Every structure is written in C-alpha cells, then in structure tokens.
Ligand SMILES: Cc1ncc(COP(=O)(O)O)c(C=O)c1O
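Taking the form predicted on its own, here's one chain by itself in structure tokens.
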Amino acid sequence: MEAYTPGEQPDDPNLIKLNTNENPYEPAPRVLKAVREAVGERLRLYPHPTADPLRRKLAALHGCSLDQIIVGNGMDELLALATRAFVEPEIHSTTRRSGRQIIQYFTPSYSLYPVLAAIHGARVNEVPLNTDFSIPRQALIKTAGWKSEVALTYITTPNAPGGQIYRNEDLRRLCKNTKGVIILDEAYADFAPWNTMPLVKEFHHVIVARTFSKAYSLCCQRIGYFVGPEPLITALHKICDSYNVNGLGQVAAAATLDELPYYRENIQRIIQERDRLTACLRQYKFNVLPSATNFILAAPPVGSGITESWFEHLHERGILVRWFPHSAIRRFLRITIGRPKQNRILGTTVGELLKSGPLPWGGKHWSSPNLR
C-alpha cells in the first residue's frame, strides 16, 4: 500500500506558505485567551471523554440533538472510524461479491480514502470524475461504474483537489440510488455558497463531516466532527478511542463557536482574495478552475514550461504551492489563498517568471501526493 503523506511544513517563517490550505488568519483573540486560561493545573486531568460541552454547542448550531454528533481527533480519525464500523474486511467476508467490503468514492478526491481501505482490507470502487472534476451524469443513473450496493461511500464536496461544489439535487439523487453509509466530506463547506447539511434530515444513511481546520484556524488542535443519524453516530461512539479529543482542542473549538462573526468576516476576505487571485492568474493566461474552497487549481499557460517547473521555480523564490503527480491533476498547481500581500507577491512573481521564457525543470523539489 501507499502511505498517506502529509504536506510540507517548513520551519522558515519567511516562506510564503500556500501549500496546505490552512487559514491565513489567526484564531479569534478570545479563542487564544480561552486556550491560555485552560493551560494550568488541569492539564494533569483527562479531558471530557465524549466532548459533550462542545457537542452541545454544535448541536445548537446545526439544529440537531447531542446524540447526532461525534467529535474526533481531526476529521481523519472519524473517517477511519467509519471505515472500521461500516465496512467488512474482505478476508472476513462470507461472499466475495458482497458490497459489504466495498468503499466507493470519486477520483481524484481525498487521497486518504484508499489508504483507509488498504489498512482495513476492504475493496475500493473508484469512479472517475469528468475532466473538469464534475460528477459524470452517468453516475447519477447508476452507470459509469457507480455501484448502488456498497458498504461505505465518500463524496468530497466541495471537491478536493478540484474545488468544485456539487449541487444538492445531484447529491440527493446519489443518496437515493446508493445503499450503505454515505459520508459527505465537507472540509471546505464554509467557503461555499451552500452545504449538504439538509440531507442529514432526509436520509437515514447520510453523515456530514466537518472540520475546524480550514475555516476556523485550528489545524494544530485537530478537531473534526460528524453530524448524522443517531444510530450511526452511536455505533461510532462504541468503537472510538477513550478520551480521543484533547482537552485544549475542545476548549479552543467551543470558544470558536462563540466567535463566529469574526471567522465569517475572515472567510469573506478569503473568498474575495480567491476571486482576485483567480482574475490575476487568468490575465497571465493561466487556466484557473472555478473554486468553492480556500484554494484554486491553476494550469500554467501553454509554452511557459511544464507544471513541475513552475512548482520548482516558485519554491526557489520562497513561495510554496502544491504540485501532484496524479495523472488527472498533474498539469495544475494547487494554490492556497493567502493574505492580500502574499497573493500580490505571488502574482508579481508569476509575471516575472513569464518574462524569463519557458521555465526549465531541474527536479530539485518534490510535492507529496496528498490531495487534501
């Protein structure tokens, strides 16, 4: 199996870091204050075992019951729990043709999905997206390789790495046509014009996954959560590790929910900068795909050098972006939306590189295949 490889996390504070889709703005001042006040004698105590204070706030936010929410050590832990809870390892299957061993997802999407399947000993059903990363219409009518009877289906919306958001009408059709548990991975939902939370109330087999990392500046604290039908959430609680969510993370996330206006303002700033950077790169003849996330996919102009060369030369100038060798996206750079000054420096640097002619490829740097 191929391991999940995290993105580059350099120590140099002078680098313009636009490679791992982090929020460029710090947490709200009151969130930082709450974390500082939580550091003390209480560190010797275990945190709340099921993060109930945080779950209560999340339940109020989403208009659901406490029993419909589980909090995890980042969304990744919950994705792993779902694999363990709902998928039968192939080695234990009584019928090899049974859909109970299958994990289904579109590709390209989050590269952790096949890793989780490999760890668990499950089979996968990968369904290619269209070249523009939209859902193939055939999948909506049970063709194009889409299976209606599988144990677990992951759908990333907005898509990563594509950035496209899918219509709830299309997702609703997929949910109706697919048995087994469906997880709608909404890591970037806060940057999008709509979300899939209404589908949780419509279906008994649909879970929505969220994170505090992308929009709420808490990557370091690793807080994710699921919202779903009570029976599915109860099953996940049965198999999760004891005290799985660290106490300072719980405090930070709960304080974050008291400061939503601060974060919504920053989200709007990021969206505005996303549109400005998109327009800037398009002026330079980059092919920039529409995005409903805090990043964009941009293909360099024809004749300006291969995408690997752009990745390398930006890296040499202190600007970290992402390039993936995956065949479906290797012609694109993925660029996280930074602060206005960072985005302006990127735009200026791109213009300077274009003036120098086609960029040579030296193979000095490498970007991991993590697609989150």
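Note that this is a predicted model, so its numbers are computed, not measured. When you see a residue number, it is the position in the sequence shown, counting from 1.
The form predicted together with this ligand is left out here; the points below concern that form.
Novice: I need to confirm a contact call. Of G99, G74, G249, P114, which residue comes within 4.5 Å of this ligand in the predicted complex, counting heavy atoms only?
Specialist: Of the listed residues, the single hit is G74.
Novice: Report the residue, out of I267, A187, C175, A255, that has at least one non-hydrogen atom within 4.5 angstroms of this ligand in the predicted complex.
Specialist: Among I267, A187, C175, A255, a heavy atom within 4.5 Å of this ligand in the predicted complex occurs only for A187.
Novice: Have a look at 257-265, 82-90, 121-129, 216-224 and name the one stretch with heavy atoms inside 4.5 Å of this ligand in the predicted complex.
Specialist: Result of the contact check: 216-224.
Novice: Residue-level question: is T293 within 4.5 Å of this ligand in the predicted complex, judged on heavy atoms?
Specialist: Contact with this ligand, no.
Novice: Does A160 reach this ligand in the predicted complex if we count a contact as any heavy atom within 4.5 Å?
Specialist: Output for A160 is yes: heavy atoms within 4.5 Å of this ligand.
Novice: At 4.5 Å between heavy atoms, is F106 in contact with this ligand in the predicted complex?
Specialist: Because no heavy atom of F106 falls inside 4.5 Å of this ligand in the predicted complex, the answer is no.
Novice: Within 4.5 Å, heavy atoms only: does T153 come near this ligand in the predicted complex?
Specialist: No, T153 sits far enough from this ligand in the predicted complex that none of its heavy atoms falls within 4.5 Å.
Novice: If we check this ligand in the predicted complex, which of the residues in 107-123 reach within 4.5 angstroms of it by a non-hydrogen atom?
Specialist: The stretch 107-123, when checked against this ligand in the predicted complex, contributes only Y110 at the 4.5 Å heavy-atom cut-off.
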